[in-house]
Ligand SMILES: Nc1ncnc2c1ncn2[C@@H]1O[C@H](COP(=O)(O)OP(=O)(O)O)[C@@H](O)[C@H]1O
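Just the one chain here, laid out as structure tokens, in the form predicted on its own.
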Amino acid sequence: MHHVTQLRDALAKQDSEQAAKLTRLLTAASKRQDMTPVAFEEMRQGAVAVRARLGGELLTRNTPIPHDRESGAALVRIVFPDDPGGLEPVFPPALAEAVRDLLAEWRKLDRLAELRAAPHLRCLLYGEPGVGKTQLARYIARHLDLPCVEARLDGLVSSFLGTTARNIGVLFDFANRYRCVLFLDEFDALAKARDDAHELGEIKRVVNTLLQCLDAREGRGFTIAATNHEHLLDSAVWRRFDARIKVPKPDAGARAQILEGNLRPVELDGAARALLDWMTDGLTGADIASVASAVKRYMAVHGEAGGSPRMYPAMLLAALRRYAVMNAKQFDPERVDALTGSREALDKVLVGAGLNQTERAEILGVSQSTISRSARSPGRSRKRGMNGQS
């Protein structure tokens, strides 16, 4: 590392591009070193404990996967621990701590056995679309060093009588044969309440099959289910899960982390960050990532080619206006009206959001004295506008 650093410093004045590449290598190496030997050893021990606890065959990239007999469609998708996973999920502190404890149970199997207890084996995730349920399921599988066998239950449904129940059986037979985490997405597609008068008898038989398969998997693997409509689930389904986790929308701290991760390498100053915090309040993680992508696209089109990656508040405001126009349904109407309306209207909303005078002036592209005059003379401001023009 020391010699590479010296080489980087020597190249800095002669070949800035090569020096930048070495800087990126040093940064990556530093991040790998940040994982202490103790943390790495704990993860390794946890993976060994999982394999010993679950048994089953090794699932590899060459393992044939099950298909629907009629349509030929694949019933599962497999995500392996070493597959590129994108950014790590970001959750509020309480949820993040609970997930860490869930994973830590697999490093304490001997202690659990002494206490006549078992680790969590079935977990139900529920919450709005885009809050990160799939990310969380893959995160758990990756940290247990297990493949994640993903099945969208709405994809198992067939118009042929009895085929849906057969697909469920084939899916569970496959998952029970191999060491893996079984992830049942869109769980409400099949696990609906059996007392729903609008459902046919076939659905009731399917739910019974699903419950039987969940019971048969007891002790044979880790199962995670996810739903956006928890109110539709059969009450007996809820009882099958020893953990039932509500995945919420990100709080302010989580929003900031999601934005930082998705905006790289674009840099923002304090006023721009305050504007984005207001803009993304109440959004899901997926929506926030979409906003960040839109900001980078706008910068690529309207920014200076080869210039600094820093985006200033006025350009960010223009990018967010464009995004709000193209994705109005994603936000409440008041926020869209503020972004796309007059400067005075937006300033009023930003005051309510807690942005100070300096931040608002930078965002709106006016002087602080203009902001101050507007605050002192709201009637005149409405008549003449914030630019002083009639």
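Because the structure is predicted, anything quoted here is derived from the model rather than measured. Numbering starts at 1 and runs along the sequence shown.
Omitted from view is the form predicted together with the named molecule, to which the following refers.
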With a 4.5 Å heavy atom cut-off, would you call A104 a contact of the named molecule in the model of the complex?
-> no
Do T134 and the named molecule come within 4.5 Å of each other in the model of the complex, heavy atoms counted?
-> yes
Indicate whether G285 is a 4.5 Å heavy atom neighbour of the named molecule in the model of the complex.
-> yes
Would V90 sit within 4.5 Å of the named molecule in the model of the complex, counting heavy atoms only?
-> yes
Which listed residue (G155, P119, G130, G303) meets the criterion of a heavy atom within 4.5 Å of the named molecule in the model of the complex?
-> G130
Among A175, I258, V237, C148, which has any heavy atom within 4.5 Å of the named molecule in the model of the complex?
-> I258
Which one of these stretches, 139-147, 291-299, 108-116, 90-98, sits within 4.5 Å of the named molecule in the model of the complex when only heavy atoms are counted?
-> 90-98
